[in-house]
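Single chain ahead, by itself, as structure tokens, in the form predicted on its own.
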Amino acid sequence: MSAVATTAASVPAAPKRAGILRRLATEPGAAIALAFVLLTIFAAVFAPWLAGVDPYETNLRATMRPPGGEYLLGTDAQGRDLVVRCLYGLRATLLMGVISLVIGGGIGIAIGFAAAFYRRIDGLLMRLMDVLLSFPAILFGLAIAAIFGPGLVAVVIAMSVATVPLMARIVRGAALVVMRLDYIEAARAVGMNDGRLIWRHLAPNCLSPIFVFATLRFGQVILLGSALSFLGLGAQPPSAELGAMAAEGRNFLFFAPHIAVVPSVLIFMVVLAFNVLGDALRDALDPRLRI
């Protein structure tokens, strides 16, 4: 019966995973978003090789050059090439988002499964999540920056804490649906222990909503993290981080707007790409949304 339960758990998910890329490729918006996300990840990972120069190297003879010519995106107030700065800034911003999502998402997944599987602690855990949801992420950033001082560590902690209750609610809702299915009862009937049941049956069938939410949340984390850096709570000058770069450029908006506009547009494009990709994944993985 355990083998039957395992088969029942895996059969519905296989066709969906096999056709995800094909369905994404048929939608121009999703295909463009996926290509941009992959290009962004490639640029962030290989930033030192693509840039070729130090992002902190100044050149006072080339300060605030407009885009074009020798400098494709122009230079900032210290004469640093904005292409190089954006490559490293993209790397720092994406790394901040990944760490925040892994830490906050991992804790939220554990809480969500615990709340759905052990109903006696469900009320306590969800009320705790409600308390966390009542605090804006910006407020978390302010409080943590006051404790640890401004920097990327404060932003990562704030974004991780803000992600926990959202992920916990998503996972709990998906797990409650799976818990009502027959193969869960069959697995319990043959004496499968809680840890194995969660790992082999519950978790695999909750991967779709988790993955979709993580994709959408990643864009939000990047936006919030950049906002905190823009407010001076995150990366500090001269760090190459997109939010901090936009904050540096706001002092030159009237005579060198590209210093702030270039990193701001890059933040917008990255967040938009992840949001579009998340929506497309939701449509592809949810049979109720397919035509």
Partner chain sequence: MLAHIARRLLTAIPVMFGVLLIGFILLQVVPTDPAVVRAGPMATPDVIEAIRADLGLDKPLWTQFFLYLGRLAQGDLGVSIINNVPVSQELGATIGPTLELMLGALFWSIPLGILLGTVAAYWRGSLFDRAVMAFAVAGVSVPVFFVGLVLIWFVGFKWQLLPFTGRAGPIWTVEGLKALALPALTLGGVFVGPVARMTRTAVLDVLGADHVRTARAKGLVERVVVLHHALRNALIPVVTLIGLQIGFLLGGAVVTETIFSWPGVGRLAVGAILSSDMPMAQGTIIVLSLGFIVINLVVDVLYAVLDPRVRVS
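Model, not experiment: these values are computed from the prediction. Positions refer to the first chain, counted from 1.
What comes next is about the form predicted together with the partner chain, which is not displayed.
Segments offered: 42-50, 62-70, 252-260, 29-37. Contacting the partner chain in the predicted bound form at heavy atom distances within 4.5 Å is 252-260. Put simply, Asn193 is far from the partner chain in the predicted bound form: not one heavy atom of it is within 4.5 Å. Contact annotation for Leu272: at least one heavy atom lies within 4.5 Å of the partner chain in the predicted bound form.
Put simply, Val102 is far from the partner chain in the predicted bound form: not one heavy atom of it is within 4.5 Å. Taking the partner from elsewhere, Ala246 is found to have a heavy atom lying within 4.5 Å of the partner chain in the predicted bound form. For the residues Leu176, Ala77, Ala203, Ala143, the 4.5 Å heavy atom test against the partner chain in the predicted bound form is passed only by Ala143.
Using a 4.5 Å cut-off to the partner chain in the predicted bound form, not one of Leu181, Glu185 and Leu207 places a heavy atom inside that distance. Of all the residues from 136-163, those having a non-hydrogen atom no more than 4.5 Å from the partner chain in the predicted bound form are Pro136, Ile138, Leu139, Leu142, Ala143, Ala145, Ala146, Ile147, Pro150.
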